[in-house]
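Before any questions on how it binds or moves, here is one chain, the form predicted on its own, in structure tokens.
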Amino acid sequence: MNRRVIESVFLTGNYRIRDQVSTRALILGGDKYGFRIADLLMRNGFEPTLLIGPEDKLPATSTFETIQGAIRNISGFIGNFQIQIQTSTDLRDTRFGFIVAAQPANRLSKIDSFVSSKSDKIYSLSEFKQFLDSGGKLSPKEDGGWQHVAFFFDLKGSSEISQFDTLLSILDRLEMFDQLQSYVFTRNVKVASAGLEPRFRYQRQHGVVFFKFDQADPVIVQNEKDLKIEFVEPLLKEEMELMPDIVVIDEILTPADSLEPILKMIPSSPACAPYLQPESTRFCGVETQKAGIYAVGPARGVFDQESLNADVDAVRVSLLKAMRGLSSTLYKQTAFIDHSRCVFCLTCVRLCPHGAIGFDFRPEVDPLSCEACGVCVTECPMSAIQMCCDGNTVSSDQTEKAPSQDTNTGEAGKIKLFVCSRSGLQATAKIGPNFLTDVEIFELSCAGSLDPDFLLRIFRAGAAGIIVAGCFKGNCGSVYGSTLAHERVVKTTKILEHAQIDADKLEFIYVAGNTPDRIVDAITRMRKRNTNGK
């Protein structure tokens, strides 16, 4: 196979042995948070480089390197990322140890959802804030009448807490203007952040009128000179009209488009796109599914100032922790590829949830990126991948924590319960041992490591039934490990049906550490099936 063709397709290619760990950190940003992260990392012994967009302004002075450009390509692993950066003058190939995605959010206007054309009386929330920041004033009308400003918030699509924070800040500033009345048309006020509830109550008590809609939205009617808002007052159920001088409409916040090169290098990114971090409690703070890459604020789907401030310090803590791991000579359990069996199909490269497998002349597993989930072991069509720990290798149909997948199929006549070490194991520990006398428990590093062939082998050995317990969707530490496990159980069930074996004796369930009742219910169902079968 042509090596050049391979490398042009797979961005996770170009595997290189980590000969030296780089303390350089590339921060993708352009606002105050990117600058704060760069400054904080520099004061903690790292060498930060701040990459800002071509449209952003270079700072007049800074104590760290700042580049104006865009990422074109990324490859490599924690401590040794190779990154191509396109500037206005050249294409740079640079080595970094860490990548921090801290770009400001994209702001998509909702104005088109309410009016067919934008007028000088209609602003987006950020546009109106910029108008006030630049010294714009709302003076009383020449005829002595009052100015009326209407805000549309959370009416079309869910709005972020940070947008409500901005709205309250604008309302605070409008208090300084005489003869001005503000109105807020909304479905839900977002006060689930420190200080927002009392600020919201203050505005209500000081004259801002809030209309909360459960059904029909207010409608904006435009003519050449004026705006009119038609709506049914939510409490009185009466049709009303408002002639505002200005309408301000909130926006949709999304991650920056410049995240795309990072998303492309992580096989599991489609499961969490457009964000860089899965929506899961398994990924705490700013860490992502790929070691060495960190997501701040919008990159991981949070936009409020409180979370952003917390993320800044979390980056420092995470990078210091990572450096300690990189400096250690004790590596955790990891996958190992037997190149005498490997046919270079790159199934493992495409499927590894953590982007821990790359290739040059042959595939290689990066030991500091591998999470030992076992997904690659089960998916390898040539059984060329093994799990190893403390220098010892285990065959490709085994894992260190899953004796269930070795040649020992356990005792005949018992219900076999396979549990993920991160969820089902904790749930099972909460079940009394007397209830489990006819149950044999097998721990898996991830439900996604379970081999369908082994399930069939257990049935042939006389199992009374098999229950596979995986993490709930969206809460899997291997991103899609539970999904793969469910698909394999379905596949095995069809094989059992074709072989005229009781397929009801194989079941997949979703569990969490605090849902032992789901395991109890599944075991009870399995016992009833066995009793009815007899």
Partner chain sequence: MNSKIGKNLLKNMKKDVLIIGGGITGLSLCWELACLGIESILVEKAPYLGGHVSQFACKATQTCQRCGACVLEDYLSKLSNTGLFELHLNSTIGSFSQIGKKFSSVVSHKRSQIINERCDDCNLCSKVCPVEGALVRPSFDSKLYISNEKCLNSIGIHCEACAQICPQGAIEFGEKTKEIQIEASAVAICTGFTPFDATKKARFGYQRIPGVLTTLELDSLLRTGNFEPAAFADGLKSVAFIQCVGSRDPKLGANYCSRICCGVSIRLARLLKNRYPEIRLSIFYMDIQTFEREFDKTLDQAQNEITFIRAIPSEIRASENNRPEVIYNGDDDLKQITPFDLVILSVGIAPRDPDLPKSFPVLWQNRDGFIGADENDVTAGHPGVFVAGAAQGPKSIADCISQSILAASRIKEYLDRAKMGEKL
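Just so you know, these numbers come straight off a predicted model, no measurement behind them. Positions refer to the first chain, counted from 1.
Missing here is the form predicted together with its partner chain; even so, the following discussion is about that form.
**Q.** Sole residue of Ile246, Ile111, Ala291, Ile161 within 4.5 Å of its partner chain in the predicted complex, by heavy atom
**A.** So the residue touching its partner chain in the predicted complex, by this definition, is Ile161.
Q. Though its partner chain is not shown, can you say which of Pro261, Pro452, Pro274, Pro367 has a heavy atom within 4.5 Å of it in the predicted complex?
A. Of the candidates Pro261, Pro452, Pro274, Pro367, Pro274 is the one lying within 4.5 Å of its partner chain in the predicted complex.
Q: Spot the stretch among 300 to 308, 97 to 105, 125 to 133, 73 to 81 with residues whose non-hydrogen atoms come within 4.5 Å of its partner chain in the predicted complex.
A: Contact-bearing stretch, as computed: 300 to 308.
Q: Give a yes or no on whether each residue among Asn188, Arg316 and Gly474 has a heavy atom within 4.5 Å of its partner chain in the predicted complex.
A: Affirmative, all three are within 4.5 Å.
Q. So in the predicted complex, does any heavy atom of Glu279 sit within 4.5 Å of its partner chain?
A. Answer yes; at least one heavy atom of Glu279 falls within 4.5 Å of its partner chain in the predicted complex.
**Q.** 4.5 angstroms heavy atom contact with its partner chain in the predicted complex for Cys284
**A.** Close contact exists here: in the predicted complex, Cys284 approaches its partner chain to within 4.5 Å, heavy atoms only.
Q: Indicate whether its partner chain has at least one heavy atom within 4.5 Å of a heavy atom of Leu320 in the predicted complex.
A: Yes - in the predicted complex, heavy atoms of Leu320 and its partner chain come within 4.5 Å of each other.
Q. Taking 4.5 angstroms as the cut-off for heavy atoms, does Thr524 touch its partner chain in the predicted complex?
A. No, Thr524 sits far enough from its partner chain in the predicted complex that none of its heavy atoms falls within 4.5 Å.
Q: Give, in sequence order, every residue of 190 to 210 that has a heavy atom within 4.5 Å of its partner chain in the predicted complex, or say none if there are no such residues.
A: Contacting residues: Lys190, Val191, Ala192, Ser193, Ala194, Gly195, Glu197, Pro198, Phe200, Arg201.
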